[in-house]
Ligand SMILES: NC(=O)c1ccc[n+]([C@@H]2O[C@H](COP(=O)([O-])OP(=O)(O)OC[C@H]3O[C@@H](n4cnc5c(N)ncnc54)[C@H](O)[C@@H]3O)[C@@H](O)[C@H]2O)c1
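Encoded as structure tokens, the following chain is the form predicted on its own, with no partner shown.
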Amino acid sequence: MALRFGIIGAGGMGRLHSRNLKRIPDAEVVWVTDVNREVGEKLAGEIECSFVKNWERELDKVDAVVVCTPPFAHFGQIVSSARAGKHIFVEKPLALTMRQADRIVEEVKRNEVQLMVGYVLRFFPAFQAFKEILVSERVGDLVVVWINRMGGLPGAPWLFDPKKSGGMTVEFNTHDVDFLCWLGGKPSAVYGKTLKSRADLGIEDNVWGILTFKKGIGILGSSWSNPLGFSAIGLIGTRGVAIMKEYDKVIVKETEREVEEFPLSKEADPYYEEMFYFLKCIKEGKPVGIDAEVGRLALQVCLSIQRSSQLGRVIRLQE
């Protein structure tokens, strides 16, 4: 029997996820909701489902929801869905505050539902390659892993209100933090620096951080004031290195061997793969690996980067 979905938020990500769900044989999109009725009805028409205004009254018609709203709306939507016994896929970040994140973790456990955070970088072949290279011990133990992703300012107005987005660090760099923690584990300490390239900006548009792991460190460097664009990922181990050459090429150099190109899938569709994975976990009753605890950790680190910048010192993370 097909798993029935409701889509909360009909913007770019809601449209993307709903279309991917339409491609999965065991999935059915039952309804779409959005605060902008015109936008919601348009998407509902495109994917041939119902538009609903009072979505909480329609939860009995679905098995799971896909939350694609701005970060400030996540908490209430997640809690309502969990209490109704519905599984939840939520776009990053999980929430805006640690109090909200802790409450979400509790609600998901109490109501015995699955929650997955949309950390799609984990489904890109190039990013998966670094995880495989490190786990296989091809380059030895972790010394340094870094990620740089830069571009121009995005256009969504709510992004520039820190009460709605959490700032660039929480809304955007949560992806980078999750990638670093995926490889390094939970950091024991965080040092960060956030900056504004223009005085009129409501949020930071440059974010830099150092995460201290049990073995090695993770470094992120990101900017929304670099219209030229730039991306780089690298891994230095005790017995070798790996670097990304664009998103479709990763090369590895082990100490005593020649440089090799790591094989990557050329057919992967990361956004489809993450939604397929979510549905598969629910259907098979298997725990979702990218769960509320993962989202909580990423938020904790992002907030620690911001706090470190404000205080000018290293932030220690509690076990």
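The numbering used is simple: start at 1 and walk along the sequence shown. Note that this is a predicted model, so its numbers are computed, not measured.
This protein has a second form, the form predicted in complex with this ligand, left out of what is shown; the following refers to that one.
Colleague: To test your reading of this chain, name the stretch in 180-188, 106-114, 207-215, 74-82 whose heavy atoms come within 4.5 Å of this ligand in the model of the complex.
Modeller: So the stretch in question is 74-82.
Colleague: Mind checking whether each of 34, 92 and 171 has a heavy atom within 4.5 Å of this ligand in the model of the complex?
Modeller: Verified in the model of the complex; spot residues all in contact, yes.
Colleague: Since exactly one of 126, 241, 120, 142 fits, which has a heavy atom within 4.5 Å of this ligand in the model of the complex?
Modeller: None of the other options qualify; the answer is 120.
Colleague: Answer with one of 251, 47, 281, 39: the residue that has a non-hydrogen atom within 4.5 Å of this ligand in the model of the complex.
Modeller: It is 39 that has a heavy atom within 4.5 Å of the partner.
Colleague: Using the partner position in the model of the complex, report whether residue 13 sits within 4.5 Å of this ligand, counting heavy atoms only.
Modeller: Contact with this ligand, yes.
Colleague: Verify the contact flag for residue 70: yes if a non-hydrogen atom of it lies within 4.5 Å of a non-hydrogen atom of this ligand in the model of the complex, no if not.
Modeller: Residue-level check for residue 70: yes, a contact with this ligand.
Colleague: Any chance residue 295 has a heavy atom within 4.5 Å of this ligand in the model of the complex?
Modeller: No, residue 295 is distant from the partner.
Colleague: Would you classify residue 175 as touching this ligand in the model of the complex, given a 4.5 Å non-hydrogen atom cut-off?
Modeller: Yes - in the model of the complex, heavy atoms of residue 175 and this ligand come within 4.5 Å of each other.
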